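Only one chain is given next, in structure tokens, and it is the form predicted alone.
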Amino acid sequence: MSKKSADAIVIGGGIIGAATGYYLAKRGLKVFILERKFPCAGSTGRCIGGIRAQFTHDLTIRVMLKSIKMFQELHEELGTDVEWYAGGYLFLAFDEARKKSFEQAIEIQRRYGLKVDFISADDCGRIVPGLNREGLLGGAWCPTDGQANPFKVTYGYLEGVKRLNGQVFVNADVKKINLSGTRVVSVETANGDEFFSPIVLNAAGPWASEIGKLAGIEIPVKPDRHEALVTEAIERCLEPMLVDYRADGCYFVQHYGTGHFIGCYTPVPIVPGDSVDASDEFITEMPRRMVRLLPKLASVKVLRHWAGSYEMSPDGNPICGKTPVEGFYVSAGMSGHGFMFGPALGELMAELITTGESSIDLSEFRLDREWSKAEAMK
């Protein structure tokens, strides 16, 4: 058992905790990051690495435009190749209702300067040679969306925290948060260590609700299970992330460097809870859905598959900002988009924590909002 002090404590060693810790450290704070297992053990290490600004919530689009700009320059910021590649995102529409929803979304996205168009089925086929266009009406296409490596980005940020006089503690499972009146003063881990700080950030991903309860705060984040797979590497044949929102659709991309395909789908119905059990259903269904869209993949072998958690908020948007406990902040509820949000929300939360305001106003993501503005492109 030991007692240590820092200017700021971040609970969670995924992308949100790592990025926010890094930008707090850049602002001169001594930062401790407490991770219950090891970095990327939660949602970050189980995501498929897609990055996009095609959303419907105004604030989400603005944050993601900032994040994409940061991803483009992240190799210089962190001094490591994070495998950023602007291969684009192509959302496919197989019915009129979906086409209309994409066109409505494009109107919103263009207000903020996003280069996005609804293109014909033939144009979709030119972007994705070999695409099965049966029943396809077209797609929402943004060439500036992309992909990066979640592990390299997160570990890049954590190494940056260490270079800036911070520390990363693994197997540091927070079990108690101590208050003095209405202010946070310290956290205690399962092994009895106590960490003192006037600033504590809850970036615990799927476990954000549990951490919030330790401070007496209700944080409406509920995990649900998503599975993903990776295939063997083949010659490059797909540029963008393909997204098929049909009930039996899927999303997948080919890693630009290695040639592996990585993809997932949202189960119907959803599977609540933080189980990471992999299912026979997924390993049967996912290859079928991929081959339906891109028949040339029929002979490609699956290497492995796994499960992880989406940390869902009630409206599918992040929960970021202050809480009723002074000094206790939250950045969670990323609803499947934490990796792509990471750089921008990390910097914006660091601004908010150290100055009381952020260069992009995050108040629409505040904890006490009414949850009435749901994200349509989850």
Partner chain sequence: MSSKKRSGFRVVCRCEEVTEDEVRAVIRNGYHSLEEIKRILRTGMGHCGGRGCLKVIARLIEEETGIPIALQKFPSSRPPLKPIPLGQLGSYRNEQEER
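Just so it is clear, the model here is predicted, and its values are computed rather than measured. Positions refer to the first chain, counted from 1.
Keep in mind the form predicted together with its partner chain is missing from the figure; the text below concerns it.
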| item | value |
| --- | --- |
| Residue (of 225, 222, 98, 305) lying close to its partner chain in the predicted complex, criterion heavy atoms within 4.5 Å | 305 |
| Its partner chain: the contacting residue among 185, 291, 119, 270 in the predicted complex [heavy atom, 4.5 Å] | 291 |
| Touches its partner chain in the predicted complex: residue 155 (any heavy atom, 4.5 Å) | yes |
| Residue contact check: residue 243 to its partner chain in the predicted complex, 4.5 Å heavy atom | no |
| Contact label in the predicted complex: residue 287 to its partner chain, heavy atom within 4.5 Å | yes |
| In the predicted complex, residue 151 touching its partner chain (heavy atom, 4.5 Å) | yes |
| Candidate stretches 34-42, 339-347, 319-327, 50-58 - the one whose heavy atoms come within 4.5 Å of its partner chain in the predicted complex | 34-42 |
| Residues within 4.5 Å of its partner chain in the predicted complex, restricted to 74-109 and counted by heavy atom | none |
